[in-house]
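Presented below, as structure tokens, is a lone chain in the form predicted alone.
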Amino acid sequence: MKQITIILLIILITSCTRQIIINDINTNSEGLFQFGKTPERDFYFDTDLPDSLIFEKKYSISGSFNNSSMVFYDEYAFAGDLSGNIYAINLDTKKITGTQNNKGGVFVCPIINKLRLFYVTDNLDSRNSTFYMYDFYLNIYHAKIEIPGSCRNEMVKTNDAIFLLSSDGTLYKISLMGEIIWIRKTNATTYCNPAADESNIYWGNSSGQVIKVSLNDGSILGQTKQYTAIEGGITIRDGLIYVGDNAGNLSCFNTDLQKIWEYQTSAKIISNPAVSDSIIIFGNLEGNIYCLDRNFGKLIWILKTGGIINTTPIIFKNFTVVADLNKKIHFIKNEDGKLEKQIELEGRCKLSPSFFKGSLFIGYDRGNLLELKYE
């Protein structure tokens, strides 16, 4: 009887779930359409973050988060969880307006292109993943592509394609119509968020190499010699490539993959570094947050939080915001690294912070999503 009750409850919950159907988006509106805003991974906002951030809304969803982020379009926010769901939130009404239920877990940020949502689920039981192209205006799937292996690396969107990098080092170029254009295998375990410039895409692997591949035809154009295994994400700015490794080194390469400088920290780096015009800020698993001169790799300041930093910071003109696994959000002065304020949450921070239309979004344990806003 107990098992029957549970089954009926699951059916009831599933039947009450409303799909994501949105037909009121202004397609000329602004948005943040992928992890890090751009293919280069831009975590810098050219504005001051005011002191007057106040509680706006807490949203509750069914699953927890990975250290990814959210995307935004017009008045809507989209987030995925580890239960395999994609959520659409109306930021005007402050309500979850729809959910797409899928098997597996959503470990990486969705991508938006016009009225279509691209996302991938990692199907743990079958050791493969599924790439989806969903039209939230027409409420139909234009594509479902089965991908061998795990997909927990952030996708890249360019003007004409989506690039998906699996954990076995296979790169897929998928058209914005949902068709595979080409596949490039590298046969190296890969847990790194790739990034792309106008011509090429770059990522690191567990063999300690940074690889450069043509966006056009998938040809491998270069790779570094073997260093320490790389699980930190790639960030590109002004022709320089920044990435952290498992030994705690933050390295800077040029686009020819020549190392410009390296800064050594004391613990593994698994998130993307955030880069502004003049500085680079990143954290490691020992809970230390570093600020370096981005051109020369010289230390400007270090803040020891005592937590674990596995999310990507976002930089404003005056402050940097960092979430950690010690249930805290840190607001740090860019000038000197002093902790301006700290917000303690009810659970461990999981999502990397997101900022859109004056609101700061933080995801933490048990599917809690917090919106802070200023006027």
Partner chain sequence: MNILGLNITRFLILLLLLTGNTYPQLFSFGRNKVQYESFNWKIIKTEHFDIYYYDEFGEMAEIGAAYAEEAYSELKVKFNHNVINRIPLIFYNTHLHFQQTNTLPGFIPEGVGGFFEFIKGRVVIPFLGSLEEFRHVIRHELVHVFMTSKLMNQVRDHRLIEEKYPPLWFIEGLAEFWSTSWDSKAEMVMRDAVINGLFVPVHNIDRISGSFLMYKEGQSFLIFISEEYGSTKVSEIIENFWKFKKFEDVLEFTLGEKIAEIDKKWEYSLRKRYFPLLNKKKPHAIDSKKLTIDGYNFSPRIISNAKDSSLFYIANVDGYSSIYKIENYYEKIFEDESVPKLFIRGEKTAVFESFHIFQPSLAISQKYIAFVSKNEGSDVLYICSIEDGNILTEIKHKKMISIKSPSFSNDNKKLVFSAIDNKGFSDIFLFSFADSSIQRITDDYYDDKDPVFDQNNSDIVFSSDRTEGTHAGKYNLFRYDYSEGTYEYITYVGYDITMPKFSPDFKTLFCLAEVNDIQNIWRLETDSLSNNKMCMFKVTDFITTVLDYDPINNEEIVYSGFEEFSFHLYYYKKSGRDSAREKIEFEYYGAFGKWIPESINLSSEAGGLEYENEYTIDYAVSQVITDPVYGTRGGALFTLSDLLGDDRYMFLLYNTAEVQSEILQNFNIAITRVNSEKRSNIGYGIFHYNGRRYDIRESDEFFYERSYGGFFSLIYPLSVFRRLEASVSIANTDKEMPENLFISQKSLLLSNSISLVFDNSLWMPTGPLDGTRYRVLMGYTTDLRYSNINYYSIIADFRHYLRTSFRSTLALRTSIYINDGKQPRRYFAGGSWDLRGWPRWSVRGEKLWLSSAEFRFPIIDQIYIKFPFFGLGVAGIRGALFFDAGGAWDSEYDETLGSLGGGIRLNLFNIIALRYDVGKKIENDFKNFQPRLFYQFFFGWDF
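Residue numbers count along the first chain shown, from 1. Bear in mind that the values here come from a model prediction, so they are computed numbers and not experimental data.
Note that the form predicted together with the partner chain isn't included here; everything after this is about it.
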query	finding
Candidate stretches 109-117, 70-78, 149-157, 271-279 - the one whose heavy atoms come within 4.5 Å of the partner chain in the model of the complex	149-157
Proximity to the partner chain in the model of the complex, single hit among 220, 124, 138, 180 (heavy atom within 4.5 Å)	124
Selected contact from 267, 240, 176, 143, since only one has a non-hydrogen atom within 4.5 angstroms of the partner chain in the model of the complex	267
In the model of the complex, residue 231 touching the partner chain (heavy atom, 4.5 Å)	yes
4.5 angstroms heavy atom contact with the partner chain in the model of the complex for residue 246	yes
Interface membership of residue 191, the partner chain in the model of the complex, 4.5 Å heavy atom rule	yes
Close approach of residue 197 to the partner chain in the model of the complex, 4.5 Å, heavy atom	no
Non-hydrogen atom within 4.5 Å of the partner chain in the model of the complex for each of 39, 184 and 353	no
Residues in 74-92 close to the partner chain in the model of the complex, defined by a heavy atom within 4.5 Å, in order	82, 83
